[in-house]
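Before any questions on binding or motion, here is one chain by itself as structure tokens, the form predicted alone.
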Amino acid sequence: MTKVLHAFTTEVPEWRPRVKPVALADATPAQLEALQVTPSNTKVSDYVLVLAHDVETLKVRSPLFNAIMYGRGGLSRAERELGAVGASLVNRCIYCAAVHASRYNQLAKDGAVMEAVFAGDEDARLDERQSAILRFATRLSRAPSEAGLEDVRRLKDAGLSDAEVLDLILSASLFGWANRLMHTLGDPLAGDRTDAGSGQ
């Protein structure tokens, strides 16, 4: 029996959509064109197939996502993932937190940071740069007015350039939107997944 997952994890769960995904075999030429700009060409997730119901939004969303999370220069990919996890923690998006914690672990080749973050032990285990990034992302996600000059100063004291600070703001802000989409369009599943959708 499948149950909705409510605990944070670094293992990516299945995702069960509440809105029926577009079937690739039935997709219109416009939907197929929009689906070509997704981050991965190897498999189209149910999440992206749900978004394909709105072609114009998907055509804008995917390049924006790719530019913010995979753009060259600026903040490292792992640190962008840390910003995404910070936003997902605040928004309680279990699926997004799992996906991006897993990506962080792969990129950083270190599972200790996410283990500490999910245990609420980040002050003891994160270095100053990681701690400043996570703190900024969570404060920005709780309320944009909470992320102030002192938080930006802490990022710069930890060695972030202006371009890296902007990349962090973009990644955390992007997940303010992405978390809301994930929350309302489907559920992460725990337990026996035999009757679940294919997830992301």
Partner chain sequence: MTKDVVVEQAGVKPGEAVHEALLARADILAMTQATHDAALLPEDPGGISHAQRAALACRISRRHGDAGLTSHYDVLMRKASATAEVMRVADPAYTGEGRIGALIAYTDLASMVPRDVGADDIEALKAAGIVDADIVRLAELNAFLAYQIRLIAGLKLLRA
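Because the structure is a prediction, the values reported are computed rather than measured. Residue numbers count along the first chain shown, from 1. Superpose the two forms; the largest set of C-alphas matching within 1.5 Å is the rigid core.
Same protein, other form: the form predicted together with its partner chain, not shown, and the subject of what follows.
The three marked residues, A147, I169 and S173, each reach its partner chain in the predicted bound form, with a heavy atom inside 4.5 Å. In short, of 125-133, 96-104, 109-117, 83-91 it is 83-91 that has heavy atoms within 4.5 Å of its partner chain in the predicted bound form. Its partner chain is not shown here, and in the predicted bound form it never comes within 4.5 Å of any heavy atom of D157. Contact annotation: A27 falls outside 4.5 Å of its partner chain in the predicted bound form, judged by heavy atom distances.
Contact between V60 and its partner chain in the predicted bound form is found at the 4.5 Å heavy atom cutoff. Proximity of L35 to its partner chain in the predicted bound form falls outside the 4.5 Å heavy atom cutoff. Contacts to its partner chain in the predicted bound form (heavy atom within 4.5 Å) from stretch 14-33: R18, V19, K20. In this overlay on the rigid core, A178 has a C-alpha that sits less than 2 Å away from its partner position between the shown form and the other one.
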